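Only one chain comes next, encoded as structure tokens, the form predicted alone.
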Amino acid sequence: MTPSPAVPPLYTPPHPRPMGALPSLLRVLRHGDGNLLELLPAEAYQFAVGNLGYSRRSTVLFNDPILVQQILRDADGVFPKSDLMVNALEPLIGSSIFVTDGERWRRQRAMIDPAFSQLRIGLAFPAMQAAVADHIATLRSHAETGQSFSIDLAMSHLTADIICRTTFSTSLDSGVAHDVFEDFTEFERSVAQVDIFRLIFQRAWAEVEQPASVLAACERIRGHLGTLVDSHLAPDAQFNDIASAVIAARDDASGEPFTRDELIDQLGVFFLAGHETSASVLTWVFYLLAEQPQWAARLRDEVDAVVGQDTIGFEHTRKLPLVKAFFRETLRLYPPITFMPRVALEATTIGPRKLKRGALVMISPWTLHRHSDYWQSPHTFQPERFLAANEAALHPGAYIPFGGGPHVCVGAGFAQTEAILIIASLVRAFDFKRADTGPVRPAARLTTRPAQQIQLHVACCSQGAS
């Protein structure tokens, strides 16, 4: 009798090894970079509600999907966005949709939503295509020379270029756009550092002074964004982009538009969230494709079958279920927003848990997406989970890469369209291979990033790319 072929083992990409609470703390202190992923104890992947170690203000992690949705809906206004997040981001994005709550947030969201409708995304799609085409040309030059490159920086540059083109009708190569990108890089590098001792011992709502370099970068960014906004506010301006849609928005009650400062706040959010979160997950996408070349072949086959020799169009991004499943599984394992911190404005009870005023209420897509109660083999990479035939088996509420409730990410549709276009276009044109063999360590920065940049090589595929 011929033996059955061996089933290849499931692939488990890098993640911090779960440890007890004290060893986890010692690990973070040893590495010295404030990586909160490595601070998570093993039980954080197993309990429904539990403390995250000791802290003066009390830090409680919620993994129960029902309670998570209750917190995100926040019907009574008890769980606004955490003061830690607001303090870090306010110098850059002011009182924007990303940090506000209540009536101010509702006004902003109602005015911004139309800028990210499916119609608007369709209008923005040619700008996405142009940015991707330019990026393919850059990667072809890397393939010809054999030069390795940082996939982290490549994806940051590509997604920033897409945001510039779709929001402001200018490429990243323009002087102002390039300066904004450089200063955002400085901001992200500096503001993301976490002081573990401050997190443990500081009281709620304590002022956290940002480094001078961060404040200076924020001031420069807001100045550059102001220049881009002014180009759209000029009397003879004729644009048909996301910025023009936000400028045209009016408050339903008063009929008033956003002020210039409010426009800088909101468009700063689009640049920050729109390029950094997408760059984060796409970095992991192409790392995984380099590690699992058989997946690159499967995705390429699907793109060829659906698109043929045509240019990848907006309609094609809705017809690539395997590419979408690969993207969604990457989002599960490496959600860009690692933590969604809230704060209890008053003493309250949620589910079985009493919370004191000022308690830090943590929702973590990272732990929810890897929780043993909701996912089979939770740390393994299995894109098939998200194919239509298997979606009924997914646990309701256990997958929240874009948040949930009324605060669900306004740009989720934009991000998914952009990602599918990028993945399909690049996998159609190139094979990816690691240029280094060192260990990869995920880290919770402003988003979920590799602790050290990942270097890749590319080789052109025989099919080419249009």
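In this text the structure is predicted, and so the values were computed from the model without any measurement. Heads up: residue numbers just count along the shown sequence, starting at 1.
The next section is about a form of this same protein that is not shown, the form predicted together with a small molecule.
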item: Check all three, 150, 286 and 458, heavy atom within 4.5 Å of the small molecule in the predicted bound form; value: no
item: Contact stretch among 387-395, 349-357, 277-285, 303-311 - heavy atom within 4.5 Å of the small molecule in the predicted bound form; value: 277-285
item: Of 295, 381, 375, 116, the one that lies within 4.5 Å of the small molecule in the predicted bound form (heavy atoms); value: 116
item: 177, 337, 229, 78 - the one with a heavy atom within 4.5 Å of the small molecule in the predicted bound form; value: 337
item: is_contact(residue 109, the small molecule) in the predicted bound form, heavy atom dist at most 4.5 Å; value: yes
item: Partner contact for residue 430 in the predicted bound form: the small molecule, 4.5 angstroms, heavy atom; value: no
item: Any non-hydrogen atom of residue 258 within 4.5 angstroms of the small molecule in the predicted bound form; value: no
item: Distance check, residue 331 to the small molecule in the predicted bound form, heavy atom within 4.5 Å; value: yes
